[in-house]
Every structure is written in structure tokens, then in C-alpha cells.
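Next comes just one chain, in C-alpha cells: the form predicted on its own.
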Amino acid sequence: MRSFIVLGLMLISFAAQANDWEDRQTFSGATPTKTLRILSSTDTSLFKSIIEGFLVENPDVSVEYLVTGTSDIDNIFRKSPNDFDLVISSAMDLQLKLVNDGFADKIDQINHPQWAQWRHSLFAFTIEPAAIVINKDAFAGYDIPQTRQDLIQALRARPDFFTNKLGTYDVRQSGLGFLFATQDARTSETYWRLMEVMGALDTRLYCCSGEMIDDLVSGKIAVAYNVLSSYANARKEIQDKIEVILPADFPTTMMRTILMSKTSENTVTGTEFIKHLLDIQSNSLAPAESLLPALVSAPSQQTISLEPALLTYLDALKRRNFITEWERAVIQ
């Protein structure tokens, strides 16, 4: 009989005790004798079935799954790399920098496409576009924007309605938000025009996609920009209230990645977990309840690549200049 014990246990490490986690759960196999600690930006609800599937094949393992924001992950892991075995994040640039800075273990025995890995140490397992997500009621009787320029025109046409009813990432706090913003800005000047329009309408700033979606459903905001489409699509119970739009001008698409800490004492178990995850995501073998998008075999030209160019805006001066320009546009 398959059974899992999900416990909100106190974590052993000091670092884990000291942080205010968004979520913290322990999943246990039937006869656990060792623990795998995973630091992640992916909501537990999206990863639960993958963890449980792993424990069926590895009943001697328990998995401590700790969820926090992408920027926090980078800061926490850099301070205490010994406290975690695996790191999962949607902020591809921060993950790549962790590898380049020597924090990740090299795993040669994993066979993965070259475009979906970096130095055999960082492995992509989803492809997820950023989306414009709208509250359907807010656009009743109006055209649904299909591009960023369409959105600009829609906002300019009804400024009183949209004032204080727009949402996007606070790029100063969100690693994923910063990644999406810099990639958008590199692709088209339309991004900066949109940010100026949104800034003039007192846009609300968020740490993460989940909070934006909650406020969108409640009607607190009418438009959420650069939301992870996977998070919006996963909320099946709200599909009659929202519409997920992949911008026709240029979709910005990221790959969620995983790495193993170079100081992990559970390298065998950690490697098996990564293999399990990649097998599911690469071969579309995810269980029916899985909510994570698969890693398709042919990424689009708009998919952010795992390459050194990702590190450009992590340079201290470039990051500071970008955020200054963003603040001028958005915080008016």
C-alpha cells in the first residue's frame, strides 16, 4: 500500500530554523534512514507528485522541501551551502552564477541535452513562458490585448479604470522578475514604454506569481504582467475568471533548473532525484496530477539560453543601472 507521511517538522540546520519560509514540508518514504534537503522556488503543490513518485522507488529517503523566493534562495544558499542538497529555481541567471562560482557539484553520469544544461552541473527541467494574465470581467466588452503594444493601448484608453489595478514583479526583490525584465528590455524598446505607462497608473509590485494571481482573481488587480503561465494554468479552479495571454510580439520563456550542492553528503541520492526529475520532465512521463510543464525537445528562439550572456546584468554596475532606470519608469 502506497502511503506518505507529510510532516511540518522542525529542521535540523540553524539556517533552516532562522528563515521565514513560504512553505516547509517533509515527505517521508516507508522506511526513511536518510534525508534529502531541497531548497526551491517552486510551490510545493507543483512538486508534490514528483517527490512522492521518487519516494515510491526510494522508501529509505525522506525529503525536506523548503520554499522561498528566487533572490532569497541565492542569498540563503550562498551563506549556508552545507545545509542543502539540491537547489531548484526559476532564476536561471542566479543559478548559472552559482555554478560558475563553484557552489554546484558536477554530475557526469546524467545524459541531458546540451542546450538544457550547463557544465554538467545545472539541469533544466521545464520550459515556461511569461504571460500577461487578465481578469476577464475587467475586459468584458473590450478587446483582449495580444501584444505588449495592445496592452499599452488598452491602458491608455481607460486610465481611470486601470489606476492601481495593475501588477508585476518588483525586480529589486524578485530574481525571476529581474531576469524577465532584463530579457524583455534586451528584446524590444516596447518594454520600457509599457513600464512607463504602468508606472503612471500606480502599478502594484509583487514578489511572486502566486500573489499576483490571487489578487487578479479577487479583482484587486485587473492585469498581471510577466506572470509564470504555468502557475496561472495550474489553478484549474479559476480558469473561468482569468485569461492567460502569451504575447504575440515576443514571448519571454525561461527554463526552471536544478543543481546539487558541491558540499552535499547525499550525492548518490541527490543524483537519483535529479535523474528521476529529468526522466519525468523530458519524456512526458509525469503523473496525471503533475502541474509542471515538460521540457520540450525543441526550445523556441525566445527561450532564454543557459549561456554566459545570462550573467550580463548580474554585474553590480549593470544591475544598479538597470534598476535605476526601472525605478524611474515604474515608481513615478
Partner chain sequence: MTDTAFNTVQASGSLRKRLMITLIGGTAILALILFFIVRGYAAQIAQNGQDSILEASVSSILDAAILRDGSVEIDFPYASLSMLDTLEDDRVFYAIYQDDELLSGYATLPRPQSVTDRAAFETLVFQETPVRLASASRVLIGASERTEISVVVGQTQDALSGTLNSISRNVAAFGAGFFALVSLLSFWATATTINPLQRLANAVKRRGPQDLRPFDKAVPVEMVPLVSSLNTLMGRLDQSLTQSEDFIAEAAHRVRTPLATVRSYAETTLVRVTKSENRAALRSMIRAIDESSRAAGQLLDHAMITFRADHLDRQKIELVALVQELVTRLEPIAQMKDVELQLTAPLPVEISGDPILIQNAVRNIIDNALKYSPSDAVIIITVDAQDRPKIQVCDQGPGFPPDEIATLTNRFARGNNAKDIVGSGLGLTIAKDVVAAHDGTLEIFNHDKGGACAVLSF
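Positions refer to the first chain, counted from 1. What you see is a predicted model, and the numbers here were worked out from it, not measured in a lab.
Although not depicted, the form predicted together with the partner chain is the subject of the following passage.
Within this chain, residue 102 lines the site of the partner chain in the model of the complex, having a heavy atom no more than 4.5 Å away. In the model of the complex, residue 118 approaches the partner chain with a heavy atom inside 4.5 Å. Taking the partner from elsewhere, residue 109 is found to have every heavy atom lying beyond 4.5 Å of the partner chain in the model of the complex. In the model of the complex, at least one heavy atom of residue 313 sits within 4.5 Å of a heavy atom of the partner chain. Looking at 264 to 272, 302 to 310, 43 to 51, 60 to 68, the stretch with residues near the partner chain in the model of the complex, meaning non-hydrogen atoms within 4.5 angstroms, turns out to be 302 to 310. Here is the short version: of 183, 126, 253, 230, the single residue with a heavy atom within 4.5 Å of the partner chain in the model of the complex is 183. A single residue from the set 193, 172, 158, 97 has any heavy atom within 4.5 angstroms of the partner chain in the model of the complex; that residue is 97.
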